[in-house]
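What follows is one chain in structure tokens, specifically the form predicted on its own.
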Amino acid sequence: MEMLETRELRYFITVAEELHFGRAAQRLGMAQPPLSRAIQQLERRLGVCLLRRNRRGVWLTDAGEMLLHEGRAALDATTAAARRTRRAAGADRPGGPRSRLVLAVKAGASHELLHKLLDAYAADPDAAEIEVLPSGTCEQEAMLRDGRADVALMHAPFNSLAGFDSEELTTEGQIAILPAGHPLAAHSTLALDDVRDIPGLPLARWPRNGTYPPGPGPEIHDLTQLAQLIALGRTVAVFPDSARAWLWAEHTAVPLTDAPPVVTHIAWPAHSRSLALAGLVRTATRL
């Protein structure tokens, strides 16, 4: 049976991402020759060519593309195991050994549901400590995979639930959040096309997979920044209807007639055996 070490996976993934041995070595804090030898040894042991090299550069073979995909998942799994093990033992915080769960949520979404869930779960005498970790638009999936979170509130169709266990909690429509004084704010309803290309009021851009999508709208780092830019008439945003809970007086929410419904799920890693997590899921589904 072929075995891969986390060290050599990290080496290969860094080279595959940089497609340059010098830059990869710099990222890893090592010299280039031992990095090149490590990749060559990995190729010999697996019996495949992972990278093609010539004077013009470095590129991945089909086998290399496969190892990049599988290797990232494997490193995420080992990182997640370490993080969740420390949390289970209480080793990553001062104090006693009380169990702790990290709950990832999309900033500004499911506000009322989250309040109800946390209050109901806190009433359970065996409740774990809950750390709420607000995130960007589609970060909850990565947080579950690499162990930064134990459980997440995720929103279909924006989040992928592939590989997770989940329970459906709520379904809601979507709204456009506009500056209160904008002419479109006086409408009773809008369509998606109405808000995609408003002159002087571009859609806000949230990071996805670590980068921002192209467009003229401002790059959003947190909910407070977004709220202020909307109030100043610099951007517009589309959110689930539950986002009304955090709107300012300078905002107006207008329902979108043709936006797909947003289904909120509570999701967790399929292999989880955490009793505290099972209790939180039971509370969520009762709500």
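Numbering starts at 1 and runs along the sequence shown. Since the structure is predicted, the reported quantities are computational estimates derived from the model, not experimental observations.
The same protein also exists as the form predicted together with another copy of the chain; that form is not shown, yet it is the one meant from here on.
Screening Ile220, Val254, Leu229, Leu50 for any heavy atom within 4.5 Å of another copy of the chain in the predicted complex leaves a single hit, Leu50.
Considering another copy of the chain in the predicted complex, the lone stretch of 229-237, 40-48, 25-33, 257-265 in range is 40-48 [heavy atom distance within 4.5 Å]. Although the partner is absent here, Ala243 is not a contact residue: none of its heavy atoms lies within 4.5 angstroms of another copy of the chain in the predicted complex. Contact annotation: Gly71 falls within 4.5 Å of another copy of the chain in the predicted complex, judged by heavy atom distances.
Although the partner is absent here, Arg7 is a contact residue: one of its heavy atoms lies within 4.5 angstroms of another copy of the chain in the predicted complex. Not displayed here, another copy of the chain is kept clear of Ala142 by more than 4.5 Å at the level of heavy atoms in the predicted complex.
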